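Heads up, the chain below is alone and in the form predicted alone; it's given as structure tokens.
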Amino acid sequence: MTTTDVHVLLKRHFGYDQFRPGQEEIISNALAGRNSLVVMPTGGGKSLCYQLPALATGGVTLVISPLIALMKDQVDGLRANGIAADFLNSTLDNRTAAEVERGAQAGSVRLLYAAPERVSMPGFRRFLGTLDLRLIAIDEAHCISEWGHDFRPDYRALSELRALFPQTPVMALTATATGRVQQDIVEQLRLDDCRRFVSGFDRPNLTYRVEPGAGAWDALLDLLEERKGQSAIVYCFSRKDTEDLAAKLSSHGHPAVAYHAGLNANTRRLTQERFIDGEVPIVAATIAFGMGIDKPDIRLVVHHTLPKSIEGYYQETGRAGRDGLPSECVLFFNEGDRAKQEYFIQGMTGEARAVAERQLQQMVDYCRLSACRRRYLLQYFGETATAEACGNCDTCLAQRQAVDVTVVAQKLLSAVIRTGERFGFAHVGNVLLGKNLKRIRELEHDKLTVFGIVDDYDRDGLRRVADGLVERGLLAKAEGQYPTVGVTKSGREWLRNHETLTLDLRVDERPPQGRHSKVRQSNGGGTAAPNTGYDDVLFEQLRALRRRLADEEGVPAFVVFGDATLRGLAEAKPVTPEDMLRVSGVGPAKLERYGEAFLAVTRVTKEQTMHPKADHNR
């Protein structure tokens, strides 16, 4: 198949004129019959990497997918694009499943979705043996690795597919995999001869923020008010937290539902479908919610509590802005949240416990950063950031000013020395602030000369100064579950020399209302910033039409068209079918299915633009 043929399929079935970075090379590798490991950020277009080869090669492409709801959404989306797709899972009765199998055997199904646990069933394996199987795609492949954040034993059985179909190429795909996890995926699936495609982990359309846990409720209400009607996920620590928060949000005018593993399967399915369909804009959830959520227009992901690991956090925030439009990820951080996670870690043993402790410490370090958050995330996954500052996280966007910290730095270093350099910053800070705590009294640190000598900084302010001292090399932080701080040789010399010290400190900007608007405007394209590139009124009309069409067909709204395509229509205001085909995301199949309905709306607006009514008041 030529490059031209592949581009023709891309436009005909998906409505795109060009591939996203990395896609074409991955597709070419699959068409050549070679194995591949694809590590691509959420929203980067992983699904297309196996969906398009399925159209080009003929036969059947088997897609292993972990969630039933994801299978249905992907199949609905493929069918809307004129692609023959189906799924086999526990929601089907025996008669329907048999019909799907016969369709696949007859060659009337190009993409067949199935859950990983199905591969262990002898009957399913026999069925696969009757197919003209051209490609096996394994989504969320990190689930096969015990080193990953979401290990699933059912995924281990997938290695047997290699033995059953040694000549069929395998494509393993994931958005979150460190180098160690990547190697484990390759080994577990026996893909020794595979090519690795690591497209990078950067999600430039996402804004990352960490905010103090104190006042999180009011801050959350502000965030949701700014995005009224838009989709949001709020991750909570416990099942009870999700239910309490959903009820509280709903009573304050923000319709929300709870999702957690304690709900029965039918309730979880209905909750997920209501959210994906746009019926309910907000889900308060535990981490049980979200893997494989194929919803491109989530504008806000909030972590109401501390995640367990960077991998989990990255995966969860990755559910925002999958359509490439600006979206926001906010984490509310309390130092006390660490203890909640540690309670569960204490039940682990051996290397598993050591890994969990290290992962939690890395998450805490992320929350305490004074440097670029995106840079930290990229470095965690082994990627080198191209710049010191990304310009799209709270630390990069925050206003800063030069502050003379000489006096407070002297007090801080002195307190570290006086307490014996055996404690972390939390304890040293409590001593400086004069906290009447049992631990301080037991150690008799309330009798030290440094006890209570700081009254012009709060805990967060002291930590920012401490972070600055670490960056300057005056303080050193030890590794481990409870990292202690010590004064370096340079720090002791600085104390002796009585030198002046100035640090560029972040200005804490948390006015009671609208505190995010200034930062988003400086970002030049945040979710609430005005966009003059398209007609806002027309966009809302198109959204209403999309909602009606989706309801009539019983599919999620984005299956009709995504937000990015609606924006393109609201900007181009097409009048003819040829005009509409020029908009990214519109292909012949969708034009035939939905074109006239949307053109009827855009034509009216175009006409009004060209021939505005006369102003009789002049």
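Given the structure is predicted, the values throughout are model-derived calculations rather than measurements. Numbers follow the displayed sequence, beginning with 1.
Another form, the form predicted together with a small molecule, is not on view; read the next lines as being about it.
Decide whether K11 counts as a contact residue for the small molecule in the predicted bound form under a heavy atom distance cut-off of 4.5 Å.
Contact with the small molecule, no.
Could you tell me if D323 has a non-hydrogen atom within 4.5 Å of the small molecule in the predicted bound form?
D323 belongs to the contact set for the small molecule.
Is there a heavy atom of T602 no more than 4.5 Å from a heavy atom of the small molecule in the predicted bound form?
Outside the cut-off, so no.
Is there a heavy atom of G43 no more than 4.5 Å from a heavy atom of the small molecule in the predicted bound form?
Although the small molecule is absent here, G43 would touch it in the predicted bound form, with heavy atoms inside 4.5 Å.
Kindly indicate whether W147, T176 and Q183 are, all three, within 4.5 angstroms of the small molecule in the predicted bound form, using heavy atoms.
Heavy-atom distance to the small molecule in the predicted bound form: none of the three under 4.5 Å.
Identify which of L31, L48, M580, I68 has a heavy atom within 4.5 Å of the small molecule in the predicted bound form; exactly one of them does.
Only one listed residue qualifies here, and that residue is L48.
Looking at P296, G461, G491, P281, which is the one with a non-hydrogen atom within 4.5 Å of the small molecule in the predicted bound form?
The residue in contact is P296.
Can you tell me which of 407 to 415, 163 to 171, 269 to 277, 315 to 323 lies within 4.5 Å of the small molecule in the predicted bound form, counting heavy atoms only?
It is 315 to 323 that comes within 4.5 Å of the partner.
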